[in-house]
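What follows is a single chain, given as structure tokens, in the form predicted on its own.
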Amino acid sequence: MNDFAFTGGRPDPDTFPTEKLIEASAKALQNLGGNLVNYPGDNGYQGLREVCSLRFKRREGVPLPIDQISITSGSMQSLDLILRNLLEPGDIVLTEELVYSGTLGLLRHLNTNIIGVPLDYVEGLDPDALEDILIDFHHKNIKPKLIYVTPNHQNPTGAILTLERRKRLIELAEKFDLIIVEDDCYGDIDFTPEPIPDSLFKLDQSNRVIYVATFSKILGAGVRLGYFVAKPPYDNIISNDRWDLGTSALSSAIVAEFFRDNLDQHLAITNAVVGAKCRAVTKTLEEHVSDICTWTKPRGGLFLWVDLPEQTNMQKMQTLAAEKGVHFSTGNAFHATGKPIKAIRIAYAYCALDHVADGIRHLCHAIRTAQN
């Protein structure tokens, strides 16, 4: 039986550039040699920070400040350092109502109060709803601490926050004295040539945005390389509680060596492959459940969100799908309050393209059979 893995934010394994990374490893070792006996420090290997800066400039037109970039073990370590050092138990944190389950787990572990803000599946977080929430808190003399948002190819819906909404978000952050954590994990995974709006970090003029990104979603989760960018005083506050002595200089140097000359080519290859898988998912859903389900139509990212009929027996659907080797994520895992909702997230990048249609057909059969 095939394993139709539609879970987890993993890239396509066949696009992993093994041979080129072997070449990059040899160059990195030749260049660094005995310097690898030293600790990399909190900010990490400078060569990779330079690549991070150039990566941002490629899309945004301006570089990231290299001295304010810190390399981490994946973006989750970035989020852990940021949230653990900026939040106290009981603090109010605003997120999109549907949001990455890993961030929710971390915020719950830190004993914060999570408030979900309604979002549009296409245009992202609703700034009018956010303003209403903030005004209500202000009247109660309650002050939220920060807002976490994924503006590009949002997880789990694939929404892209519009430029107008980005500007409103920054205005509201200034008005109500909020920090914004911008998670840009998926910004480079785009299936169209149309540019996405400027990042919040670029638009920010009052030092309210802390920027988070990763190489996991365009290279491999197992590489464990992410980064954050924070200006003073937040950079020192966040790094003050860091005890790991820095992220591997060797892995950082290898990835830097590879991406320095191959970023555009690699993205062109991976985005073409992942985009084809996304289209295969939506085509199969259209053929088999368009009369009972609706779903998002992402122009990038790794995820697609499916709203199911209210009468769907979720346990029965999961069981039937699992019997055919189909695995996916249920909607409640992404709801800010853990609310049980009749929806699922399909992560389409990992499963082989030749198997996607079969897997989604099995899933569609399970959805139909699970209608009570």
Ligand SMILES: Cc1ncc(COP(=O)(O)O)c(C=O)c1O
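Model, not experiment: these values are computed from the prediction. The numbering used is simple: start at 1 and walk along the sequence shown.
One more form of this protein should be noted, the form predicted in complex with this ligand, which is absent from this view; the next part is about it.
- Remark: residue 75 counts among the residues lining this ligand in the predicted complex, judged by a heavy atom distance of 4.5 Å or less.
- Taking the partner from elsewhere, residue 214 is found to have a heavy atom lying within 4.5 Å of this ligand in the predicted complex.
- Taking the partner from the other structure, this ligand in the predicted complex has no heavy atom within 4.5 Å of any heavy atom of residue 190.
- In the predicted complex, this ligand lies within 4.5 Å of some heavy atom of residue 79.
- Highlighted residues 155, 186 and 224: every one comes within 4.5 Å of this ligand in the predicted complex, counting any heavy atom.
- When this ligand is considered in the predicted complex, only one residue from 100, 201, 295, 258 comes within 4.5 Å through any heavy atom, namely 100.
- Figure note: of the listed segments 261-269, 122-130, 105-113, 145-153, the one touching this ligand in the predicted complex, with heavy atoms no more than 4.5 Å away, is 145-153.
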